[in-house]
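Coming up is one lone chain in structure tokens, specifically the form predicted alone.
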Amino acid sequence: MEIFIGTEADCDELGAREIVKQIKSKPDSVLGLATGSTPEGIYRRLVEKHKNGEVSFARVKTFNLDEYVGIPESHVCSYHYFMDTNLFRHVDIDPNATHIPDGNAMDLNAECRKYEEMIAQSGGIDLQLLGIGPNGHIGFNEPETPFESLTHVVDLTDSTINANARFFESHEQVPRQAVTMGIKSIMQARRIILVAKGAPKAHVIMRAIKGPVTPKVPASVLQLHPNVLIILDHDAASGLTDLSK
């Protein structure tokens, strides 16, 4: 596990640079992408680098971690909308090469199986970008999610609903379920980059990086992956005292 600590701008630049490096080394890379406020700066940098001619997404495929259940793809809080607004519409990626779980599928369990099959058919994820929730979740894999889980439907915890309420007009509008890649799905990526910013993430980052590997802190499983980069701003890193690991 490699750990980088810097300013928020440093974190965004490094995250974008690592993704560009991956695409340049393999133009048909399969990227696993995340949503939320954490990766927004990374996506802005990627758009800038694309417009500057530094990177092309023409042969890239993407698979997003998750999507809410029961809201339209056009909803401003859907992850379809987020990805289109923050990245896809601004670069030269083929819309048919972008994949986000269908939270409105008639059969959600079938949708989960289909999503896993599409990832496998694409050759697996080369680089997976992650954030981390205040309870240690990655994707929407809440505490006590089995490490062997694949893409599945999850009931969101109160802490996750509360954390995401700021994106909705009211707490009541936050969906109570989501479709998410499972922990095993994430761990099968060849390289993983986790980004965390802000003092509220400091305690969970400490538990994820330095605590025991336990389903109680889903992100702690990353300690078992052979190729992980953790990118932290100074506030998120403030709970770490020993960076020897």
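Each residue number is its position in the shown sequence, starting from 1. Model, not experiment: these values are computed from the prediction.
There is also a form predicted together with fructose -6-phosphate; it is not shown, and the following applies to it.
Comment: 129-137 is the region of 143-151, 113-121, 129-137, 94-102 lying near fructose -6-phosphate in the model of the complex, near meaning a non-hydrogen atom within 4.5 Å. Although the partner is absent from the chain shown here, none of S29, E54 and S56 has a heavy atom within 4.5 Å of fructose -6-phosphate in the model of the complex.
Although the partner is absent here, A219 lies well away from fructose -6-phosphate in the model of the complex, with no heavy atom inside 4.5 Å. Proximity of I42 to fructose -6-phosphate in the model of the complex falls outside the 4.5 Å heavy atom cutoff. By the criterion of a heavy atom within 4.5 Å, Y79 is counted among the residues contacting fructose -6-phosphate in the model of the complex. At the 4.5 Å threshold, heavy atoms of I193 stay clear of fructose -6-phosphate in the model of the complex, well away from it.
For the candidate set G198, G211, P215, G36, a heavy atom within 4.5 Å of fructose -6-phosphate in the model of the complex is found for exactly one residue, namely G36.
In the model of the complex, fructose -6-phosphate lies within 4.5 angstroms of at least one heavy atom of each of the following residues of 53-83: L65, D66, Y79, in sequence order.
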